[in-house]
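Before any questions on binding or motion, here is one chain by itself as structure tokens, the form predicted alone.
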Amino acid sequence: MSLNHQQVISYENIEVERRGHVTLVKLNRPAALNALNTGLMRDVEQVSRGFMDDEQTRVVVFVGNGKHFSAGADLKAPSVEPPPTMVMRRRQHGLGARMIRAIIEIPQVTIAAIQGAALGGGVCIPTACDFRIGAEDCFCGYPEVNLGINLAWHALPLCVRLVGPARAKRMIMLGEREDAQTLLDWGFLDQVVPAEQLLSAALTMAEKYAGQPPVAVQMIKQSINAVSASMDDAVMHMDADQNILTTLTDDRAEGIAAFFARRPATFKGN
């Protein structure tokens, strides 16, 4: 099947476009800057798991519809009462990690094409991919700390492996936005291209890997991931519990209030 042949499959919050051996997964909440609500995260988890039974796809490309890849967690989503028991609260908090794990476990080669903002959970998705191409105007960051919470979703070791411990501490502890050139220099991005060339560059990379023998490529990916991530689950198995703890703090409430008031937060360690 030619890469020019297109088939578009719609979920509620994503679009899936098949082009021969390459499949594009498009985050599709552009009016909300592709912010991650529960529905979008579940769609990404579901489509990622589905590639296990997809023999034709050899490369998966994650992109965001609209101006931005993803602004991160949707803080404007309608407030939902937490579940009445801690048992269910812990399970619900595990959705982000399940989504990231599903992306990591996609057998095929994965590429993220990043335009505009990729922040918080929105940058965790690209770090779960094998390769990242950024538009010249893109910027990435982990602003969770400025909202009084830790980086969860088992995403911390993914950042550490890309940029090293010191730069990962800088990115995650300060919560600042880093531009495309800095991210390229650090090894966070594999390639930077003009914004108008982003998708074509991602598809060019995808075609190269799609032309390789899929059995060998997928075994190599699986082995490299196993070597580099051998301790991830042992170290990060409680990051959702840590996240629950931080949501109960005064600093979390102050971080959220400051965000919406567009003012600096004053954290007191409570």
Ligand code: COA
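The first residue of the sequence shown is number 1, and the count goes up from there. These figures come from a predicted structure and were not determined experimentally.
This protein has a second form, the form predicted in complex with coenzyme A (COA), left out of what is shown; the following refers to that one.
Original post:
Though only this chain appears here, would Gly148 touch coenzyme A (COA) in the predicted complex if you measure heavy atom gaps against 4.5 Å?
Top reply: Result no; Gly148 lies far from coenzyme A (COA) in the predicted complex.
Original post:
So in the predicted complex, does Asp179 come within 4.5 Å of coenzyme A (COA), heavy atom to heavy atom?
Top reply: Close contact is absent here: in the predicted complex, Asp179 is far from coenzyme A (COA), nothing within 4.5 Å, heavy atoms only.
Subject >> coenzyme A (COA) contact at Lys208 in the predicted complex, heavy atom, 4.5 Å >> reply: Result no; Lys208 lies far from coenzyme A (COA) in the predicted complex.
Subject >> Distance check, Phe139 to coenzyme A (COA) in the predicted complex, heavy atom within 4.5 Å >> reply: It does: once coenzyme A (COA) is placed as it appears in the predicted complex, Phe139 has a heavy atom within 4.5 Å of it.
Original post:
Using a 4.5 Å cut on heavy atoms, which of Leu189, Ala168, Leu119, Ala135 is close to coenzyme A (COA) in the predicted complex?
Top reply: Contact with coenzyme A (COA) in the predicted complex is made by Leu119 alone.
Original post:
Of these, 64-72, 220-228, 199-207, 49-57, which stretch puts a heavy atom within 4.5 angstroms of coenzyme A (COA) in the predicted complex?
Top reply: Result of the contact check: 64-72.
**OP:** Within 4.5 Å of coenzyme A (COA) in the predicted complex, which residues of 234-270 have a heavy atom? Give them in sequence order, or say none.
**Re:** Residues within 4.5 Å: Phe259, Phe260, Arg262.
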